[in-house]
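Only one chain comes next, encoded as structure tokens, the form predicted on its own.
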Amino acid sequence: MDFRYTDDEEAFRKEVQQFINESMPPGWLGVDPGPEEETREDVGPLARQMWRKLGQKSWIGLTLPKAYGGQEAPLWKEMILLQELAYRGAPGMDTAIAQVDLILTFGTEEQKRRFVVPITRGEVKWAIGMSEPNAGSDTFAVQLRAVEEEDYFVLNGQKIWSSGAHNANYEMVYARTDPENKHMGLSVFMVDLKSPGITLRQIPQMTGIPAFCEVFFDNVRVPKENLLGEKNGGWQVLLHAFGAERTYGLFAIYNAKRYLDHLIQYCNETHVDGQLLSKDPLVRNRLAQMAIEIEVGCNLGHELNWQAIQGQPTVKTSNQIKVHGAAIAQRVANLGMQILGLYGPLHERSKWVRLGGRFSHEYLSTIGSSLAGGTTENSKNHIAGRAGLGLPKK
């Protein structure tokens, strides 16, 4: 199997790399993909600037119809763009991209023009309102109620773990519209986070970054035209969203590749007891093992991209990537902390810190990677089931 890119594809990759080089500050070590680190004061403004720049180049939703701000470009172009952004740790990538897919699949023409175009221009950001307290991984257990009244729905309840909601303009909210039907009683709403009755409370993480939010809904009126899909038809939107979200494991893999490359450079430049770390047999062995695992992840990414371009189902491969990506993120962080030794836990502001303190951050932030966006156990159930190994339900 030959995964080499064509001349056109390589030319676009170089264009993206040049754009990132010109947009990032000198010596940029990168941040993790997603909205979490955008909460940092030194990253937030750069992330917003980057999101708008991507919009100005029509690189948000490259494959979308031009009527919605896209370029109708082939899928490989978008894949190369996302790979490069993740590998360089460029901020600004937003969950709004995933919401575009949902709106184009389930939205009305009016909704597509109203909500998608501002996203592709890089003007707005979105959060996801899926998780709830006490619901665990069972999204069909959501209790936030949406009651139909006249020309709007009234929302009451709470969401939790909404990444970057305090920096977002809209939230895709999964709500219960039929309390008697667990699976068929959900609906999905596109909610303006400045609506009266909404309160946000940030949740500090172990990294010290308060990137997650609790979002409280107290008699929030949402216009009926903001209902996505059919009333009580939210399960269709939910399953589609799960399929898209699993591919975020690819970002974790390319993010880990950057961390490994930084670690290799460190070992090639650092002497311990008069010897380069890169000449230590144990260090060489561990780096090589990590490189193999990342290469396996990248090849899974190639397979996923090929399946998507061919129009084939991607459920099994995307879940494999979700599981593998989460594990790789944790392993490269552990490896970095072991190689850095006593330098590893130092704060990024310490004068003794190495590699900008990125491995200390990564070590803490990746603990939740096997839970975020659906647990590893959930993904394994998908792999074991009808779309993967064909095993019967328990």
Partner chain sequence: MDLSFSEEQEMLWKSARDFLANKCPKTLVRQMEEDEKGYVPELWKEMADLGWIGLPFPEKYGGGGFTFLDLVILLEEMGRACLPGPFISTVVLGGLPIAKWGTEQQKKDILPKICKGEAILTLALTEPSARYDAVSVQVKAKVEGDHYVISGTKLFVNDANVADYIIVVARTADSANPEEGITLFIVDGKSPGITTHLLRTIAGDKQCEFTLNKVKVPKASVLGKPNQGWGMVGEIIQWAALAKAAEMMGGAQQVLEMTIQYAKDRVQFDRPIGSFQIIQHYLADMSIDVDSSRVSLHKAAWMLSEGISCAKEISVIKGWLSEAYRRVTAQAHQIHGAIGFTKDHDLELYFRRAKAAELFFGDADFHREIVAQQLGM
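Numbering follows the first chain given and starts at 1. Since the model is a prediction, treat every value here as computed from it, not as a measurement.
Just so it is clear, the following notes concern the form predicted together with the partner chain, a form of the same protein that is not shown.
For the three residues 9, 295 and 383, a heavy atom within 4.5 Å of the partner chain turns up in the predicted complex in every case.
In the predicted complex, the partner chain sits beyond 4.5 Å of every heavy atom of residue 121. In the predicted complex, the partner chain lies within 4.5 Å of some heavy atom of residue 323. With a 4.5 Å cutoff on heavy atoms, residue 279 counts as touching the partner chain in the predicted complex. In the predicted complex, at least one heavy atom of residue 303 sits within 4.5 Å of a heavy atom of the partner chain. Partner contacts here mean any heavy atom within 4.5 Å of the partner chain in the predicted complex, and among 189-197, 148-156, 271-279, 218-226 they occur only in 271-279. Though the partner chain is absent from this view, in the predicted complex it lies within 4.5 Å of a heavy atom of just one residue from 135, 160, 264, 102, which is 264. Here is the short version: of 143, 181, 236, 289, the single residue with a heavy atom within 4.5 Å of the partner chain in the predicted complex is 289. Of all the residues from 375-393, those having a non-hydrogen atom no more than 4.5 Å from the partner chain in the predicted complex are 377, 380, 381, 383, 384, 389, 390, 391, 392, 393.
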